[in-house]
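Given next, in structure tokens, is a single chain: the form predicted on its own.
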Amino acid sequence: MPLFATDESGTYRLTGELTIFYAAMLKDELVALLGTAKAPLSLDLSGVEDIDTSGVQLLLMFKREAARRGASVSYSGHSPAVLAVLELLDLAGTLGDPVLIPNAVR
């Protein structure tokens, strides 16, 4: 589960699988970002090909940890895999980010 900085504005892009196999490894990387972020962080989820409940827990933990530190995290570009899991678990509102559904997915 690679995490790439897309620019210097605090936007990062996740690609690949956000599953139990990668969530623990990615957790440390995301928490480290909170320690160095100078601006609100944004995670682009458009490259997430698969996500399970461990991945969802990671997204929820990252938001909660950011809030605890007085930082801000938003998610954007929800991939079809992310949208399906958020809808299945009825968590789109819990993450608090606008979820845009591309025309091709409807």
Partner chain sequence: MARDALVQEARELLAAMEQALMQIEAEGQDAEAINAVFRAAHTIKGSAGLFAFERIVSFTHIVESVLDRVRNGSQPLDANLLTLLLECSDYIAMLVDAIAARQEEQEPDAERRARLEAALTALLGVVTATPPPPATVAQPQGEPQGKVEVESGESVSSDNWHISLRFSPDVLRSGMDPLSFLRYLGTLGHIVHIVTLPDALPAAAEFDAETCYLGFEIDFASPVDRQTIEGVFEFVRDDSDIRILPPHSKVAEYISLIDGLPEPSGRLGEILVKGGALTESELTRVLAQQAAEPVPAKPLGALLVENDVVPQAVVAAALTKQKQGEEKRAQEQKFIKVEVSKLDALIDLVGELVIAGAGANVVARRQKDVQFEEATQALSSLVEQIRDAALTLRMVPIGEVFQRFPRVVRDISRELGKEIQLVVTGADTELDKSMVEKLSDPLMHIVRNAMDHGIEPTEARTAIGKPAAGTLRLNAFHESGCIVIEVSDDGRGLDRERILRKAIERGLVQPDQQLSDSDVFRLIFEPGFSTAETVTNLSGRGVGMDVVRKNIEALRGEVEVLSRPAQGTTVRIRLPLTLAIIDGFQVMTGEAVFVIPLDLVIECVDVSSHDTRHNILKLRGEPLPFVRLRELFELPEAGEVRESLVVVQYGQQRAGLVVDRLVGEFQAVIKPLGVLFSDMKGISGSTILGDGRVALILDVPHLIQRTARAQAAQSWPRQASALSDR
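Numbering follows the first chain given and starts at 1. Keep in mind it's a predicted model, so treat the numbers as computed, not measured.
Just so it is clear, the following notes concern the form predicted together with the partner chain, a form of the same protein that is not shown.
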- Considering only heavy atoms, tell me if residue 73 and the partner chain come within 4.5 Å of each other in the model of the complex. no
- residue 23 near the partner chain in the model of the complex, any heavy atom under 4.5 Å? yes
- State yes or no: in the model of the complex, is some non-hydrogen atom of residue 31 no more than 4.5 angstroms from a non-hydrogen atom of the partner chain? yes
- Can you check whether residue 48 is within 4.5 Å of the partner chain in the model of the complex, heavy atom basis? no
- Item | Joint contact, 27, 53 and 91 to the partner chain in the model of the complex, by non-hydrogen atom at 4.5 Å | yes
- Message: Need the contact residues for 50-74: heavy atom within 4.5 Å of the partner chain in the model of the complex, sequence order, or none if there are none.
- Response: 51, 52, 53, 54, 56, 57, 58, 60, 61, 64, 65, 68
